[in-house]
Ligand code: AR6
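Presented below, as structure tokens, is a lone chain in the form predicted on its own.
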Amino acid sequence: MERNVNGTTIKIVRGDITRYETDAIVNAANSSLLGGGGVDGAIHRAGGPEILEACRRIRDRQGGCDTGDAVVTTAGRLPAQFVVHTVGPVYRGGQHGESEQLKSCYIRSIEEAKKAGAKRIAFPNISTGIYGYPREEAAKIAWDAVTVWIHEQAPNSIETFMEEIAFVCYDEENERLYQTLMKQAEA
């Protein structure tokens, strides 16, 4: 399913993000950047040791990545040029700034991908696994963050324009949540 918003194609795809062909794949990383479970582990395994080495260099330089921030590395063997590592919030009931941190993950990932030269980016469902963010709320935050970002950009400006933003959903539940958000936006 896809929709054009101000010249940017937003896609909702069900599949494995490590196989999605794009310029930048977003990794739901942990602050150490050294790999973990879920999406993070899958990206590190599929991308190979080049990603871990690049993460180690970033970690040596700046000590990791803060929640809500993003850094870029090579994509190794992934079908992309870059991996954007972003650290989502651990959900603690929603009263500790989690929504703003999650929104920042999406915006900072797009900003860092753009700086690296990407025109297309693919997102997983950040913070909805072991970090416990309620899926429906997380999808709404992600959708709103991306669509607001698109509307705030000058669509014909080469410096800010993003050709494609994809939400790559590993399971049917997340895919349905994003499809519902897209249909509501079209109404």
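Note that residue numbering begins at 1 and tracks the sequence as displayed. Here the structure is a predicted model, which is why all the values come from computation and not from measurement.
Another form exists, predicted in complex with the named molecule; not displayed. Remarks below refer to it.
- Comparing 59 to 67, 36 to 44, 140 to 148, 114 to 122 against the named molecule in the model of the complex, the single stretch with non-hydrogen atoms within 4.5 angstroms of it is 36 to 44.
- By the criterion of a heavy atom within 4.5 Å, E173 is excluded from the residues contacting the named molecule in the model of the complex.
- When the named molecule is considered in the model of the complex, E163 lies well away from it, no heavy atom lying within 4.5 Å.
- Contact check for A24: every heavy atom lies farther than 4.5 Å from the named molecule in the model of the complex.
- When the named molecule is considered in the model of the complex, G129 lines it closely, a heavy atom lying within 4.5 Å.
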